[in-house]
Ligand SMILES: C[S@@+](CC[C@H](N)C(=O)[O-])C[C@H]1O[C@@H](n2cnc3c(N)ncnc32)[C@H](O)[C@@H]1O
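As structure tokens, one chain now follows by itself in the form predicted alone.
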Amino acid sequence: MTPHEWDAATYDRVSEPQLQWGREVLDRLSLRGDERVLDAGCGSGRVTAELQSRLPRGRVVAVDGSAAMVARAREALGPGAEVIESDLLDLELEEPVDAAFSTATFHWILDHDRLFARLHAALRPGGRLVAQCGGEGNVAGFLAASRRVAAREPYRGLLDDVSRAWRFAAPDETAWRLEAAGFVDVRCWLSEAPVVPPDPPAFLTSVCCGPHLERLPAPLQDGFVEDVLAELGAPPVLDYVRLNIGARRAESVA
């Protein structure tokens, strides 16, 4: 299956929860203001713009695998940021960054061993990784509702492999993988962050149901979102669980 593509304009409009989470994660990234910082999975650039505002003498390197997101981020960030279209599993930077930041991205990547190895390689010695993504138990209610809908006609048999679209990892597993990639001072923990989306149909369509919809024929897509919303009830509560990550690349050995 080709990588998931995004409706960047709709995501930008409805991603207020992701923006708030991003601000909270940014507050954990202490900056002088002159660093070169990687945003690994910049999306439409809303959170990246917040990062950019904290680097008045520095520079943002924003990376995303979605062409639509990259185009939107370039518009949002202007010439002051370097915006790169790349799968994070293939990430190679011409020069290392002082810090790496990421929100709402790592759970879309199945190979965390390779992901953490590429991020480790992108950091200068001593550089920090501060990140958040979906963790163990993330949107369990939504996933259960979508499975119930998928088991019914006319969707039966069309969504059997959709569970392979995400990796919602546990803290202990993630810490072990980060240490295996060479990170030190590793800390990983879960936090609950329930969301009632402001525009439920648009939010589910652009944020949650992408892997389902790309497997369904166009005539069934709107009905699937409506059926999942009906299963969730009103108002729909999405039981987000965030996996928080802090780590550092070790200083060079003399």
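Quick note: we count residues from 1 along the sequence shown, nothing fancier. Since the structure is predicted, the reported quantities are computational estimates derived from the model, not experimental observations.
What comes next is about the form predicted in complex with this ligand, which does not appear here.
Site residues G127, A175 and N244 are none of them in contact with this ligand in the predicted complex, judged by any heavy atom within 4.5 Å.
Stretch-level contact check against this ligand in the predicted complex with heavy atoms at 4.5 Å: of 177-185, 141-149, 102-110, 118-126, the positive one is 102-110. A residue is said to contact a partner when one of its heavy atoms sits within 4.5 Å of a partner heavy atom; E136 fails this definition for this ligand in the predicted complex, lying far away. Mapping the unseen interface onto this chain, S86 counts among the residues with a heavy atom inside 4.5 Å of this ligand in the predicted complex. In the predicted complex, this ligand stays beyond 4.5 Å of every heavy atom belonging to A62.
Taking the partner from the other structure, this ligand in the predicted complex has no heavy atom within 4.5 Å of any heavy atom of L38. Residues are counted as partner-facing when one of their heavy atoms sits within 4.5 Å of this ligand in the predicted complex; in 28-62 these are G41, C42, G43, V47, in sequence order.
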